[in-house]
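One chain comes next, on its own, written out as structure tokens in the form predicted alone.
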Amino acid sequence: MNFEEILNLFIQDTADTSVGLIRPELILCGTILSLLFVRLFSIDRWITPSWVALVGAFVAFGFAANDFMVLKEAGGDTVQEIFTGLLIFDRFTAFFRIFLLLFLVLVVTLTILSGLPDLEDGPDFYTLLFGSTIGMMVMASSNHLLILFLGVEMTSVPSYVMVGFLKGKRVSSEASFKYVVYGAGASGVMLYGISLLAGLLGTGNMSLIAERLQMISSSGEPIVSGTAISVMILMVMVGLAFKLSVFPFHFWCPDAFEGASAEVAGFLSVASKAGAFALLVRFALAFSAGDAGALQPTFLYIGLGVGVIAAITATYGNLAAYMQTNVKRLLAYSTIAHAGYMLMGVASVIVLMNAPGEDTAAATANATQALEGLLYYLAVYLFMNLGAFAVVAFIRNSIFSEEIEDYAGLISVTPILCVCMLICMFSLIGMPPFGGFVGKFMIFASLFEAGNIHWVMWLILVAGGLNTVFSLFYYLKVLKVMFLDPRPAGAPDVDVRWGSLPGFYTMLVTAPVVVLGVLVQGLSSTAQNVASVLFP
């Protein structure tokens, strides 16, 4: 093919197929342009930027939900490579689009109720928020190592600015600076790993990685050792570990959460985790698809290594949370711990997909169940973590403090926020009958199944169970202050009642935590349907 034919093929593919399958992303881009025009032409005197953002997020969510329903009704394992294979469109992509856009709608609504960005800063803040969300959606649909890096950077750069968005606050500026420095280092390591992988394999297309690795492993004289390939893979995972705040790449998280507003901290704790886990699953399965031949033991041990890191992450996050006096720092270490729990699910998927033997059908079925547990956990995590940060934001607006000791006796002045915080924290612990228990049970069940492949996974299961017990104490410390300690005389009131908009919003976000703990079948079957598309 000459250059003109290649160009015509690219234009035809883009116009006829690809553009129509990224409508939610295009709507978010259009919303960003609308926000910039609102600022440029001073339209914000008549149209509030927050409502422009909310309408744009709702419309994008509607298109994403429609795409998912179309794929679900079509049945089968519908998978389309778009933009000449750079992105992939399937039920997994559509699921994470719905997840991220629903979360975006809830976060924008929270900022409207809490009044985080004023009229002057609104267009800037929502532009950053939407830009980061687009990056996460790109991460979820990545099918190429170049897009992997692009998605991570599109997510990260706006996040750096949002952490430091509280102008004039030294803690916020310092947190943003630390976030940038750590992020730059992690991105550099990841980019180096990507360049080595692409150079070795002769392609950046993730759907071809397993095939190329099989060629390398089956050749008489391997081009490179399994150890070298493991190093390349782990270098790429460094960038994803940074986004997930996985030990030892977690250092930015507590400072960033304390310096950022509760609304931004809530966004980072959920959305960036979802995008990074979606990308990590695609990246991990790119190496496990098909017969990896002589490299299969290498990938098995990579899965075990990921599991060990997951256990260390959960343990560190839970133990470090004991000493915290600031509720946002406490929730930051909680986020680190939950990243560890969810990473255990990814480790189970990798180990189960690289089980020795020829029973690939059983291995695929077990890996599908493990991924189903991860998706369920993420869905519940959205509501229980956002609910906790929403409570922190509404209390902050009244008492102007985020110290745990200042939460004393709040049950006497704002029962609705206290009850919602109790539900969210019991779910974060993993207590029945809340959704966090079901999600954690699914993760632990996949660890038990993976233990049949290698005994190390059983040790990781024990570590997960012990960490659940550890976490009980620091979550209860917050609830004890809110429910049992007396309210100091002269302490400011918290004007959030049952019938107020903040109270209604908090109940709306918290309700799914209870529902998903009781009515499991609906989300579970959807998660299984989504997970199965990655295991044809």
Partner chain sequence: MGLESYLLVGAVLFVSGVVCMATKRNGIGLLMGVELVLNGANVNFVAFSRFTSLGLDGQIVSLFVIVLAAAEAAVALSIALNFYNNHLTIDVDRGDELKG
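Numbering follows the first chain given and starts at 1. Just so it is clear, the model here is predicted, and its values are computed rather than measured.
Heads up, the form predicted in complex with the partner chain isn't pictured, but that's what we're talking about next.
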Considering only heavy atoms, tell me if F149 and the partner chain come within 4.5 Å of each other in the predicted complex.
yes
My question is simply whether R212 lines the interface with the partner chain in the predicted complex - judged by any non-hydrogen atom within 4.5 Å.
yes
Report whether the minimum heavy atom distance between E174 and the partner chain in the predicted complex is within 4.5 Å.
yes
Give a yes/no on whether Y333 approaches the partner chain to within 4.5 Å in the predicted complex, heavy atoms considered.
yes
Options 433 to 441, 93 to 101, 196 to 204, 393 to 401; stretch whose heavy atom lies within 4.5 Å of the partner chain in the predicted complex:
196 to 204
Just to be sure I understand the contacts: of A445, L459, A363, V180, which is the one whose heavy atoms reach within 4.5 angstroms of the partner chain in the predicted complex?
V180
Of the residues S230, Q324, T109, Q369, which one places a heavy atom within 4.5 Å of the partner chain in the predicted complex?
Q324
4.5 Å heavy atom contact with the partner chain in the predicted complex for all of H338, M507 and G522:
no
Quick one: name the residues from 135 to 168 with any non-hydrogen atom within 4.5 angstroms of the partner chain in the predicted complex.
H144, L146, F149, L150, E153, V157, Y160, V161, G164, K167, G168
